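The chain below stands alone, shown as structure tokens; this is the form predicted on its own.
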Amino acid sequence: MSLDRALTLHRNYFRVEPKVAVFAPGRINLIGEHTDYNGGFVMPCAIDRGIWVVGRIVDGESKLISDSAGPGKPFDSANTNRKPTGWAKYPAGMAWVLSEPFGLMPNIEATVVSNLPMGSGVSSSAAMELAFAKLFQALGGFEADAKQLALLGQKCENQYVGVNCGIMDQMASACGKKNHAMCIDTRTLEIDYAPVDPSLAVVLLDTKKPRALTDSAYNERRSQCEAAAAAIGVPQLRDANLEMLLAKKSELDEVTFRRGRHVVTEDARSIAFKSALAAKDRNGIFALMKGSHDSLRDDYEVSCPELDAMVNAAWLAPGVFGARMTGAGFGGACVALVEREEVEAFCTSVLPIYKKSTGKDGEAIVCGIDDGARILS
């Protein structure tokens, strides 16, 4: 159990007992990719893999240890303008962002343990932010709701870490609900929880190619989306549809048009997916997830040969209801919805075909759908 690992590592490294334990889940996005920073619709779910943090308040600088990343650079919660390098920027950034609404955060001794597959697009960074938000909340004793902590996690990522992400990952980690997908309007932050039929399993198909969407490629796509919205005359692509975009096609270069086409059609797919999921409409789910992957590959150009090979194998496997790449792209993982009774046959079919296509050993991880970030003790 990862909590036990965190407690043991903390005792061995710091030679004291921690006072508080917290957990924040990673997330898998079923549909709605690259729509959140366009004000659009997404449908993630929190998963039963994530980040455990145990810790206590200390005098002097904050000190950190991770089971996978080793010691973190020390930082002072009272002087977070001196940004630490490496992974410590996430807890330091949360100390910085929480101090404005809730007062100065204490310095801490903290141990981090994760069972998230790194670089696979399940949002380890948001889980780290929400875990430290809950740790500081438990130690500092302030009141905050899940959405507020999600927004502060996004602010940490945008303004302290320096990644201009949307809100989906933090919302999924903060507000998850067991056995439910989350239909999130990323403009209003309204959440409509959609039950996932217990006969369906969520399977993460890790390509073992680390996710590699660079900041420059990500920011370029954001700029192209903003240009498409400006040409249409709307605040964000969330306010447009395909007919409006087609009317302005002559004013846009081909690449900007295709970026816009992905976003407006992905929003439409996300809205339709909720009904298909509720009805357990196998054909509808398959078509919508395949349409999402095709659009991400061709219009948004964030897939890669490994993701395409994995999803092609999944589409042909027994028990599949649908599959697509998930996460920012250029590596990482695919997500599949699979008839639970057929999971073993599905995985046995997919992984050998993937290896034959790529030469890589992929991994299939069956994920439970979990609650959001929480204080454990």
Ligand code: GLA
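For clarity, every value in this text was computed on a predicted model and none was experimentally measured. Start at 1 and count along the sequence shown; that's the residue number.
The discussion below concerns the form predicted in complex with ligand GLA, not included here.
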property: Partner-contacting position among 309, 328, 347, 65 - heavy atom within 4.5 Å of ligand GLA in the predicted bound form; result: 328
property: Candidate stretches 158-166, 284-292, 94-102, 191-199, one within 4.5 Å of ligand GLA in the predicted bound form by heavy atom; result: 158-166
property: Exercise: residue 218 in contact with ligand GLA in the predicted bound form, heavy atom 4.5 Å; result: yes
property: 4.5 Å heavy atom contact, residue 315 to ligand GLA in the predicted bound form; result: no
property: Sequence-ordered list of residues in 22-39 near ligand GLA in the predicted bound form, where near means a heavy atom within 4.5 Å; result: 27, 32, 33, 34, 36, 37
